[in-house]
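A single chain comes next, written as structure tokens; it is the form predicted alone.
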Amino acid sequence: MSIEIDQLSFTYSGSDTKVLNDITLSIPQGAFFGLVGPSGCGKTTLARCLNGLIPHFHPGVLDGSVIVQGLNSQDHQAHELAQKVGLVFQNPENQLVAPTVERELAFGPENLGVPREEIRHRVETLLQQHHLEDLRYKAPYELSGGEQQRVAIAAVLALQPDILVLDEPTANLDPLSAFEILQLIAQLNQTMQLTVLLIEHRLELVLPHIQELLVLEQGTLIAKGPPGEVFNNPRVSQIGVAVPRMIQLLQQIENPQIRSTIPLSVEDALRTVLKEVRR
């Protein structure tokens, strides 16, 4: 397994409230999982547990265990786990620190002591793969939100992790930039066999690629399974998770065959409707 979480609970220092409560979860290598839940349910805290920010930088009481690529997060420091788990923040400005895009991509490997020639190879490869050549000498603060997010993802990949965790990467992006970023994430999962855990609200844009959907409520994992199965659970919408609009639309149609369908894309929804119309 790529990620093994066993009876994980966490309480931040100075608080009596558990942010995560007895979570047990396995994610296989190369899988694409989505994570949803209302604000404050513990999604970001769970992401921080995977790369060692918790408990090494955010102190508190952690019970249970988090094993990533065979490493126990409590026994290994964040710089070790960063080579296994890449974490992309909601706001890319919070993790872009270098004066140029080129230097940003080299920053992580340099700090880990990667040989210079290998760093150059990784930087050039990532600049080409992520279409960043024209931005090579630009400062990150000069870039658009979508460009910054692409640079942040590329900078994380410069460490060559096996797992990519993204905490609402499209939260501050316009619809077109959000579509491009989510398509990039799906492509990385498919072509590089990266394990992906995506925290995201705009699920319509990526739902066909998600193999399993996780739902958190007040730190507890209340649902897990294929997206169609999860969205068919009435409790998911009751706790404030935004059900994709195409699913909402079909559920309002009087035809029972259509209402029982949980489409994962606009194309799926159109096929379902046209099939019933032709009958």
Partner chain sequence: MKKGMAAIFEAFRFKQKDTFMHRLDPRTTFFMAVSFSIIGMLFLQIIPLLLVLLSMLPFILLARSTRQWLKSLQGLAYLAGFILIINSFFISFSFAISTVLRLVALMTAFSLFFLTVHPDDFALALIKMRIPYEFAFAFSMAVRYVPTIATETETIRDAQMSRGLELERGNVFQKVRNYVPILIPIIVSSIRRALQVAESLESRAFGSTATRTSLHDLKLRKRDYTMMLLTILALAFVLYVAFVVQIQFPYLLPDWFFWGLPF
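Being a predicted model, the structure only gives us computed values, none of them experimental. Numbering follows the first chain given and starts at 1.
One more form of this protein, predicted in complex with its partner chain, exists but is not displayed; see below.
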Would you mind picking the one in Leu71, Ala186, Ala78, Met192 that has a heavy atom within 4.5 Å of its partner chain in the model of the complex? Ala78
Of Leu164, Leu135, Leu96, Ile199, the only residue with a heavy atom within 4.5 Å of its partner chain in the model of the complex is Leu96
Does any part of Asn91 reach within 4.5 Å of its partner chain in the model of the complex? Heavy atoms only, please. yes
Is His58 close to its partner chain in the model of the complex, meaning a heavy atom pair under 4.5 Å apart or at it? yes
Consider Thr125 of the chain shown here, and say whether it contacts its partner chain in the model of the complex, taking contact as heavy atoms within 4.5 Å. no
Its partner chain contact in the model of the complex: Gln129, any heavy atom under 4.5 Å: no
For the heavy atom contacts within 4.5 Å of its partner chain in the model of the complex, list the residues of 152-185 involved, in sequence order. Ala155, Val156, Leu159
